[in-house]
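To begin, one chain is listed below as structure tokens, in the form predicted alone.
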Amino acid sequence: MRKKILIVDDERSLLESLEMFLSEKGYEVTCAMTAAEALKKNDSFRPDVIILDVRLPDKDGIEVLKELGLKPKHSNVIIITAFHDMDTTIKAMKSGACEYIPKPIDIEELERAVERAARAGIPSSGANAISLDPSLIYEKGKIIGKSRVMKEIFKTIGILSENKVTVLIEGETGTGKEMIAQAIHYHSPFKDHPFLAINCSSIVGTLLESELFGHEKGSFTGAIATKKGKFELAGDGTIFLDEVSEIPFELQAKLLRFLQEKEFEHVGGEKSLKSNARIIAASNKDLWQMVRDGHFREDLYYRLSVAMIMVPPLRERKSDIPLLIQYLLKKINTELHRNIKRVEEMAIERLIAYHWPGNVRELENVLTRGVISTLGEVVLDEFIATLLEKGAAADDMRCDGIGTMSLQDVEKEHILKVLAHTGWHFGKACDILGISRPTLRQKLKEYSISIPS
């Protein structure tokens, strides 16, 4: 079935040219020259997409847009205007427009906008399509997964929450190690006691020792008062040592003594103090390999790894990705006050196929940026493709040693990759690169890039 388009503008010549162009592209088109006529035709013609001018003879186009938004099944609206300014653009977007195109109209830009708006109204029916379950509730700190390996982790959390053994959680960055530590704590009998997290890689040695064990007044420069450390403040709660592999070797002995005796002293102090706090440590490095390499104490490793949880990277549990997308979009909708209802089927397939070097954290970042780029209720594949293209390019730079190249060489290399990926289609390449056509042509000239004949 052909998609229907309603064009609303008081300039007859523009109506005729746009009607002819879009009809040749396979759309069913009708036109209106006033707001009243547009609202009437919207009810009778029931268009999938409306191209709406801001300035109409009988009513402001933004007001028409607001009225259209009140309809039970309203169309996706593309605003066009010769009187474009910041305030009008903001009002149009806030009133529900899915695109905003200034006059004189770039016909290729309009064609892409119409195609996106039309696709956004197509229900996804494939096995990989995702429409958000309206009954799904976002719960902060909830760990999502239905794969076998995640079910085993849930079982382990249940077992460990009933005791206070020391736990070591290993996994790549972005896999959710701290969330697992929190789940162990908040399902334990000590959930009302503090959960205190400290990133061992972000604090230098002397200050890290003070953060953990506290210090006496005058024990080092800047110690103007006695301060309690995490072991005192935690009480019967949990101390989460993130990136425990980064603890300086000399401080590892002091941590080992605490794990053995549950005793410690302030920096600069002599009084022995006790703590019942539980230790949960996490590392994105292989601690046992660090022991073999002589960079981590073997005795401390054994004390930390009484119980172990290995968190798999996202690429090894791809069956969880559709469920994660549902949950993360619900979270993003809540935090950004959006109403994303669906993700295009091709976008889902692309998200499942991607290798996710940044794991769940990267997935959330991509979805958040995709939602920000989405002006309607459907996250389209092209937005996801652009974001993953950039992510893959960044990963290529890490893996291929591009870090040794100059900024100009990196930019030239990326432009060439994008052009090759799009078959030298300037419009698509500009969308991915986030630049205009004149800028792209200037870059080609600057880097002496020849267009293939």
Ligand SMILES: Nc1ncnc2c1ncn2[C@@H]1O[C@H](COP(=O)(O)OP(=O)(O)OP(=O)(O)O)[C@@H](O)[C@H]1O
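When you see a residue number, it is the position in the sequence shown, counting from 1. Values in this document were obtained by computation on a predicted structure and should not be read as measured data.
Separately, the form predicted in complex with the named molecule exists; it is not shown, and the next lines address it.
Novice: Please pick out the stretch from 260-268, 175-183, 375-383, 228-236 that is in contact with the named molecule in the predicted bound form, where contact means heavy atoms within 4.5 Å.
Specialist: Comparing against the named molecule in the predicted bound form, the contact stretch is 175-183.
Novice: Counting any non-hydrogen atom inside 4.5 Å, which residue from Ile143, Ile157, Ile332, Met290 sits next to the named molecule in the predicted bound form?
Specialist: Looking at Ile143, Ile157, Ile332, Met290 one by one, just Ile143 meets the 4.5 Å heavy-atom criterion.
Novice: Exactly one residue in Glu211, Glu349, Glu246, Glu364 has a non-hydrogen atom within 4.5 Å of the named molecule in the predicted bound form; which is it?
Specialist: Among Glu211, Glu349, Glu246, Glu364, a heavy atom within 4.5 Å of the named molecule in the predicted bound form occurs only for Glu364.
Novice: For Val360, is any heavy atom within 4.5 Å of the named molecule in the predicted bound form, or not?
Specialist: Contact with the named molecule, yes.
Novice: Quick check on Met150: any heavy atom within 4.5 Å of the named molecule in the predicted bound form?
Specialist: Close contact exists here: in the predicted bound form, Met150 approaches the named molecule to within 4.5 Å, heavy atoms only.
Novice: Hey, in the predicted bound form, is Glu216 touching the named molecule, heavy atoms inside 4.5 Å?
Specialist: Outside the cut-off, so no.
Novice: Should Asp242 be classed as touching the named molecule in the predicted bound form when contacts are defined as heavy atoms within 4.5 Å?
Specialist: Asp242 belongs to the contact set for the named molecule.
Novice: Please determine whether each residue of Phe45, Met93 and Ser95 possesses a non-hydrogen atom within 4.5 angstroms of the named molecule in the predicted bound form.
Specialist: Checking in the predicted bound form: none of Phe45, Met93 and Ser95 is within 4.5 Å of the named molecule.
Novice: Output the sequence-ordered list of residues from 291-316 with at least one heavy atom within 4.5 Å of the named molecule in the predicted bound form.
Specialist: Read in sequence order, no residue approaches the named molecule (within 4.5 Å, in the predicted bound form).
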